[in-house]
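Presented as structure tokens, the chain that follows is alone, the form predicted alone.
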Amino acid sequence: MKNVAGDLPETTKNRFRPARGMAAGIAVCALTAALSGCVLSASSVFAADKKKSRDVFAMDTYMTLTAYGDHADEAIDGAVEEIHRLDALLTTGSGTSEVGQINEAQQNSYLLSEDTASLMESSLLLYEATDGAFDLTVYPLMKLWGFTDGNFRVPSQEEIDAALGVVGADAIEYDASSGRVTFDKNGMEIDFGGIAKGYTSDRLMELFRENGVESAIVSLGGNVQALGKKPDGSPWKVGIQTPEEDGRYLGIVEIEDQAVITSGGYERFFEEDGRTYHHILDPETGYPAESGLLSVTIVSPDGTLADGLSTSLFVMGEEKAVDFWKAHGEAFGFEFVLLTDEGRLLASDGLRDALTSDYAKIEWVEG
């Protein structure tokens, strides 16, 4: 399953939108001011009265939802229900979730629900476009390293080789017309964790719009997505955190109707024999990716896409990530911020008017 730059249609980015007919951490956080009443000007007192916020724990992370408007209460209630519904649907390692049932079906055909069909289509498209850097079948490797249950260990090369034998989304047979999926290899397992939170934030934006909300922001474990502008008419400001826990930001990006999602090896890791092993695995080697990058931030109107690409570009490394953006940035509709292990900060030219940084001089990458 390969795809070259010239084959990607201009409408590719629309395929990442949730399929439902309704009018998807640590690395990125909305600035405190952006989520509190202090962002409002004196002329926005009415909007402040209509503000509703809720904290939720789901998908193994803490989330904050904030909406403004006459129907903010109903919108937030619906958003919480949707988060818990998707969490139950997409949880791995559970025989009661749909993902668990798909994995148990193995080489038997399984009929996907509307949500999982949309996630499957997006995952396979990302797999093709990134030449396998994004792979939803990496779950056996994640289990092997202990990133699924916290029982961390460095597996043997023999164990990794065996797991790699059932990794590779090209062995998934998916019929979009029927919504049925089948694994070509026994022992394969999928995990939508690489795009689940992005898909969820996309769904929340749709729900907010349905309820007449025009201004909202959500932080799903740090995956930030905003609807419209702040109630005072200014853009939302989102801080991209540094790998160090020093309270500083790599940069501040101003957004409207966009998601800001970061992946970094410092989010989840363990140490053994003086060496650090992070959770972003290279599907080709089976080991934590050694790409020369410390973090990748994606800015896009599409949360699902941003979630998947933040991991993909991290695995690729600087050179391939930049080339990917030059080939696909316009079609997919995304911008990037890269932090290298040398401390260099690179950003795509489309963020020139939106991104500022006191952390390092920004090296602008032009298409």
Ligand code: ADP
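So that there is no doubt, residue numbering starts at 1 and follows the sequence shown. The model shown is predicted, which means the values in this text are computed figures rather than measured ones.
Although it is not shown, the form predicted in complex with the named molecule is what the next lines describe.
Scanning Met120, Leu89, Ile280, Ile160 against the named molecule in the predicted complex with a 4.5 Å heavy atom cut-off leaves one residue, Ile280. When you look in the predicted complex, the only residue of Met188, Leu124, Ile102, Met142 with a non-hydrogen atom within 4.5 Å of the named molecule is Met142. Using a 4.5 angstroms threshold between heavy atoms, Val337 stays clear of the named molecule in the predicted complex. Taking non-hydrogen atoms only, Asn223 approaches the named molecule to within 4.5 angstroms in the predicted complex. At the 4.5 Å threshold, heavy atoms of Gly251 stay clear of the named molecule in the predicted complex, well away from it.
Not displayed here, the named molecule is approached by Glu267 to within 4.5 Å at the level of heavy atoms in the predicted complex. Picking from 202-210, 189-197, 93-101, 252-260 the stretch near the named molecule in the predicted complex, with a 4.5 Å limit on heavy atoms, gives 189-197.
Along 60-91, a non-hydrogen atom within 4.5 Å of the named molecule in the predicted complex is carried by no residue at all.
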